[in-house]
Every structure is written in C-alpha cells, then in structure tokens.
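A single chain comes next, written as structure tokens; it is the form predicted on its own.
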C-alpha cells in the first residue's frame, strides 16, 4: 500500500525548489546509500531542457526547479544502462512516461534493474520544445541580450503564484513581468501540451518508486504543517521507495510527516486524471502555425492591454495576501 508524506526541507533548500525541496531530500538519501549516479532535467547553456547526469550530490543542483518543457533524453538511456551494468545504483527522475520508458528499455535489453531507483512527478503535461525554443529567441531579440538565468517558479516571490524570473546578459532582470511570463500563461491554459498528454495513461497508474509534487491543499489536510515557502507531497509505492524515505530525516530543520487518509487526492487533480484538452487547442496551434509566435503571445499569452491589467492585478492580490482572502470568501459563498 502506498504511503504519503508531507515534506518540507530546510529553508535554504526550499527557497531554491519549486515546492518543499523533496527532490533534494531524496537525492541526499540516495547518495548516502552508496555509489551511484542521478539523472534529471536541466537547462543547458542555451536553455534547451535536457536530461543530464550527476555523479555527486552537488551536481544535482541543476535538476532542481520546474521546467515546463519536454526534455531531450539523447544518450540518457544508454548511459543508465552502462551505469547499471557497471554495478552502480541509479536514481532516475522524470515524468511518468519517461520513467515507464526507461524501465521498458532496460527490460527489452535484459538489464538487471535492481539498482535502479525511480522518481516521477505528478505531471500536468510536457510541452514539446518547439514553442519554448521560439520563445527564448523572441525574448532575447526583444531585450537585445542573451538570457543567462530563468526560473519558472521564482520562490522569493511566493509558492503558489508561479512567478517567473528572467535575467539577461545586459543586466536586466524581470520578476513576474508579462514581458517574460507569456509562455507560462499559455502553459497554464494547457495550450502547449502534446496531444498525447490529454490521454496520459499514468495518473493513478504509478510506474515509479516515488512520486513527488506540490502538496496542494496541505493547509486543509494537515493544518499543523507550515506552508511558508511551500510543501511537497511524497508518495512511496515500492520497497525501494520505502528504503529511500527511511533514510530521509525528520529533524528540527526538516519536516516529514506521514499523511493519514486520502483527502490530499482531491486537491491534486493530476494524481488521478490527465489534463483536459482545452476547447481552443486546435485554434491555438493553427494560429501558431499560420500567424506565428508573436500573434499567439498577444492572443493567448497575455501580451495585450486587457490581459496585462488582469495579470498585474492578480499579482498585487497575491502579494498583499488578498487573493487567499477572496478565495476563502468565495468558498463560503
């Protein structure tokens, strides 16, 4: 039977993580267990999302944080196979379909996977890289400068608001600005997903040893857990998963509390259901193909006056704390 945990790492880790720092806690536990390598998604120097390899914990820093783009896994499967044949333990992290794929690949090649530990995310969907690459070029051309840092979830500006951070070589920095948030806006409308994501077979059909996500609804399920900075949900599915969580520490700085019951599921939609296909999905892709990126950023991404006013209005509500008060009022109505 699965076990669920509310997890919150020490503050320095939480502030560089998308939610409660669960990945870092798992990576620490994995490397404590002995000789191994870790694989995860990272940005390369051109902000292409690729699956990389870490031989020590410090190198896993690049894998922290959300990347709302399908990662390039070129050579990754071959390297995982090589590491396992060399007798190393491997921690593989990715989307549910990537975890299922690596396990199927190893099985077909008759590779002993007893040293393989897998962690997937509760996945909202993984957009293909085409629009993202187009968007990176677009914002660099607008700024006349190379992008040097980007975060889809800039934690200093909150856990729930999905604020963007972008920094350019010319010294310009944008935080939660529409100038660098329009890709994110389209992602959150489900417009960038691959068609296959709407028919994902993995919600509720876990392929991994551990599943991690934001713990949405934690304040309702576990009101004693502080939500400051974010909280992770960890689901342990297998004996290997249990072995990893057993090494993870609940200390003065780190919170790891077992969740009783299954109430958390109703606040985490993609645990059980694939993302819904939006009504304007076909129109969006037709517009992108025929009218280009700039048009869809204006039409769907918020780069117009009306949506810009709404965008900054919501930002102010979140920053002042009024957004939560409005939600509570609406919930009581």
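Because the structure is a prediction, the values reported are computed rather than measured. Positions refer to the first chain, counted from 1.
Note that the form predicted in complex with a small molecule isn't included here; everything after this is about it.
- Of the candidate stretches 292-300, 60-68, 28-36, 277-285, only 60-68 has residues whose heavy atoms lie within 4.5 Å of the small molecule in the predicted bound form.
- This chain is drawn without the small molecule; in the predicted bound form, the residue among 129, 115, 125, 161 with a heavy atom within 4.5 Å of it is 125.
- 212 is the sole member of 76, 218, 180, 212 with a non-hydrogen atom within 4.5 Å of the small molecule in the predicted bound form.
- Heavy atoms of residue 241 never reach within 4.5 Å of the small molecule in the predicted bound form, leaving it off the interface.
- Within this chain, residue 186 is remote from the site of the small molecule in the predicted bound form, having no heavy atom within 4.5 Å.
- Though the partner is left out of this view, residue 90 does not reach within 4.5 Å of the small molecule in the predicted bound form, counting heavy atoms only.
- Put simply, residue 232 is close to the small molecule in the predicted bound form: some heavy atom of it is within 4.5 Å.
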